[in-house]
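Before any questions on binding or motion, here is one chain by itself as structure tokens, the form predicted alone.
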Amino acid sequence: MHPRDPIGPTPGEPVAGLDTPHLLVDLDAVDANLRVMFAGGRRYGVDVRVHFKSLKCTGLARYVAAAGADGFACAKLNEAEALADAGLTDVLLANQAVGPLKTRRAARLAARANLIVCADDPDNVRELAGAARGAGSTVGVLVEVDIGMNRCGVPAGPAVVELARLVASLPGLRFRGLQGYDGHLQMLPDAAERRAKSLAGCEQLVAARRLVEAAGLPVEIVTGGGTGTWDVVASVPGVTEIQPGSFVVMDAAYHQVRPEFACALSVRAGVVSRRPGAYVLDAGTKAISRDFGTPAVKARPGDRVVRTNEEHTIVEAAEPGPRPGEAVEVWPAHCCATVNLHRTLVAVRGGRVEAVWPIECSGRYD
């Protein structure tokens, strides 16, 4: 429960009695999503490392781990630290830890967790090695390969081998393998185009693996993919794991691309005003991210969100619309950014509260 909320939800309480707004996660939908993804991982023979940036809540992460996750990926060090604090210690920082403050934090974390970080710069690798030696720890490292996103990573080719050799040569570091992330493809609406481009990126990643192995370095991990390309990346020989995250809770935008995963995350919002053909909710952009598009109203298919302000969402209603004092649930268009706006996640099943979890990493960018 949020410390400033004097009447927070309690386990066993009917969802219909909750105040608004509240962030909810439907555990039955989560269970179904986990079954689909974990069965797919087994079918393709790859590990499923669940990306924590979509969850930010260690209570939900523990729930996912108990269902069979093969570890977690993170976007930020604070997320990796929170997971380790929760006893979830198989963690990939799927980004770079750069600068003396970040490298020292990573090195300290590696003393109590099986931490792997990504690298694409020789100076950063040397700095990370020095921090690890200072902390008396060993940091696992993946060389990140740019497979088309043009964000981070070294080009597939000799530069990968050169950096891998440097990592393997430095005390305090352990070369573990390669990462190649196709984030730019995750929400391509055309499935055939998404598949073709993802396969082309995977070909670069696996070719880089062959170069590193030919240079005499073992490659334990080859990781990539996300919710939008999970099955494509998992099917490629030479890939050892995938790192999807949004599939756990989903959102209205991603569901259009991967409909096999149900929307489990919603914001319960109260109706505060209505007029003919429309009503107004007490949750706006401070509670429902719309950076990926417009949220959708759950269980009222004829209703359409037409505008969001800071504190309000205006909905065009199929009559009869709900009355002031009633509540509806809204599916956000971006689950990751919406979770980041809240401090508490209410886990529900069968119309009742099953658990109330703090979202430890919301609002943190370190």
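Throughout, we count residues from 1 along the sequence that is shown. Predicted, not measured: the structure shown is a model, and the values here were computed from it.
The same protein also exists as the form predicted in complex with a small molecule; that form is not shown, yet it is the one meant from here on.
> So, in the predicted complex, is His51 in contact with the small molecule at a 4.5 angstroms heavy atom limit?
Contact with the small molecule, yes.
> Just to confirm, Pro295 within 4.5 Å of the small molecule in the predicted complex by heavy atoms?
Pro295 lies outside the contact set for the small molecule.
> Should Val125 be classed as touching the small molecule in the predicted complex when contacts are defined as heavy atoms within 4.5 Å?
So Val125 does not count as contacting the small molecule.
> Thr138 versus the small molecule, in the predicted complex: is there a non-hydrogen atom within 4.5 Å?
It does not: once the small molecule is placed as it appears in the predicted complex, Thr138 has no heavy atom within 4.5 Å of it.
> Among the candidate stretches 177 to 185, 79 to 87, 282 to 290, 194 to 202, which one is within 4.5 Å of the small molecule in the predicted complex when only heavy atoms are counted?
Contact criterion met by 177 to 185 only.
> Go through Arg151, Arg133, Arg210, Arg112 and name the one with a heavy atom inside 4.5 Å of the small molecule in the predicted complex.
By the 4.5 Å criterion, the partner-contacting residue is Arg151.
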